[in-house]
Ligand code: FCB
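One chain is shown next in structure tokens, namely the form predicted alone.
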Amino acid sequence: MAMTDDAARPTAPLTFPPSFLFGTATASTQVEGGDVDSDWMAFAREPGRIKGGDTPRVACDHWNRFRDDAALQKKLGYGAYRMSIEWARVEPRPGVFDTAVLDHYRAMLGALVDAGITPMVTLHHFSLPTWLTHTSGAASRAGLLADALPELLARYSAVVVRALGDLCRLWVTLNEPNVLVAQGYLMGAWPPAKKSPLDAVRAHHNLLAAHVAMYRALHAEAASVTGTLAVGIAHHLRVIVPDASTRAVDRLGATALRSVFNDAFARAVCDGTLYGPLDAFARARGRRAFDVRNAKGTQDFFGVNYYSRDRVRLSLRDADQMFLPRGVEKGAEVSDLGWEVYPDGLGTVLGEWSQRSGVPMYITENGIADASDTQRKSFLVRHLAEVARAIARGVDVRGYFHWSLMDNFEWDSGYEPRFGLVAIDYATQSRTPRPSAELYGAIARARAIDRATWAAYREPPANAKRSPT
């Protein structure tokens, strides 16, 4: 979506509805700390898995500091917080649920509610209990491939919402299932560190079945215990374009990646269909976890995790990237991780998937790795401007959750990337709001991007990082 002159020079402040949620997001493994028995804790102990040998053993110690963190959010002016529940804490052994842990999560949610902060809870954000990842034989399936995964996640979801549902009305079943499958079963960078396209398809189908089971369990529990709630998925969506639009093979590669990575899971819950090759692979294996048509309509809102744009080419020399290496346009603004900063893409994604889903939208994640905080102000303003414009066009966007409230454990990248509005000194656990945190709070309080703010941050800063030319 190209920015027009009228859009670039608004005649009035870019405003947001009175009910719009301005929040931040974190995930349990990344911030809580505590040596719980999860697959990510075990994975991080294996030499060479995590950059710098980092582990999430302590992270941001949010498990113990949650009250101070809630107070900090209130002070900064944020009105919503997306957090996740650690399944391995809640169910440390199969069928055994720790009531003390549930009470602790209840205290965490209570601190938010008392501070006037609306919670959104994610039930599965990448990590699994290790008891689910163990195998008992060569032919057994574990982790995301376990036949019982849908049933187990549904049971866990029911237990959690029964304990916490009166404190939270917004629930996310799964975070970025497409990313989890790609990293764990195609790229081999995350647990269980496999490179098997067929297992990736099976994991994808199993997660679809799990989401459907979780969605139904949450609503069944809500009907009998907690009252009305809204359930969705946090979909990771990227703008994917061909590296060389004149090459037919690159256009084909971009289309294939969009269909498999962006569309497959999201399309299934929107209209109950699967991208053809995925369905064919599943049928070739002689087993289907469930009928994909059952996924249609199993979302009350559509969560968007948006970060970047990829330029894709088809290359037979890049088998390690599934023959579809991704790159960034030369000279483009990039983050510390080399991801392109492309705000227009958020507006494009919101418009497309609002029409395809027919349900309200939340930006469940959007952020930048920027340790120096030189680009985050402009990043925030330009992406929030896209949200305001989408709302003005009639897109039902109800909230924006910035990734992240604070620096945290960034999976296989360890502690090096700095996504936080609040800087964390891991040696002392001190919290220091960055200048961008104050700007975001000012926008949230005003519910608008005023002319002065737009004039100051509508363009990337002069010292923004750029991709090699």
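Not measured: the values here are computed from a predicted model. Sequential numbering from 1, following the sequence displayed.
Below, we refer to the form predicted in complex with this ligand, which is not included among the displayed structures.
Next item on the list: State yes or no: in the predicted bound form, is some non-hydrogen atom of Asp54 no more than 4.5 angstroms from a non-hydrogen atom of this ligand?
Entry: The answer is no: Asp54 has no heavy atom within 4.5 Å of this ligand.
Item checked: 4.5 Å heavy atom contact, His383 to this ligand in the predicted bound form -> No - in the predicted bound form, heavy atoms of His383 and this ligand never come within 4.5 Å of each other.
Note to self: Quick check on Asn305: any heavy atom within 4.5 Å of this ligand in the predicted bound form?
What the structure shows: Residue-level check for Asn305: yes, a contact with this ligand.
Notebook entry, point to check: So, in the predicted bound form, is Ser38 in contact with this ligand at a 4.5 angstroms heavy atom limit?
Noted result: Because no heavy atom of Ser38 falls inside 4.5 Å of this ligand in the predicted bound form, the answer is no.
Next item on the list: Please determine, with the chain shown alone, which of 118 to 126, 252 to 260, 73 to 81, 95 to 103 has non-hydrogen atoms within 4.5 Å of this ligand in the predicted bound form.
Entry: Only one stretch passes the 4.5 Å heavy-atom test: 118 to 126.
Margin query: Can you pick out, from Asn206, Asn175, Gln375, Ser357, the residue that has a heavy atom within 4.5 Å of this ligand in the predicted bound form?
Written below: It is Asn175 that has a heavy atom within 4.5 Å of the partner.
Notebook entry, point to check: Which listed residue (His236, Arg326, Arg202, Arg267) meets the criterion of a heavy atom within 4.5 Å of this ligand in the predicted bound form?
Noted result: Checking each option against this ligand in the predicted bound form, the one that comes within 4.5 Å is His236.
Checklist line | Residues of 362 to 399 having any heavy atom within 4.5 Å of this ligand in the predicted bound form, listed in sequence order | finding: Only a single residue, Glu365, comes within 4.5 Å of the partner.
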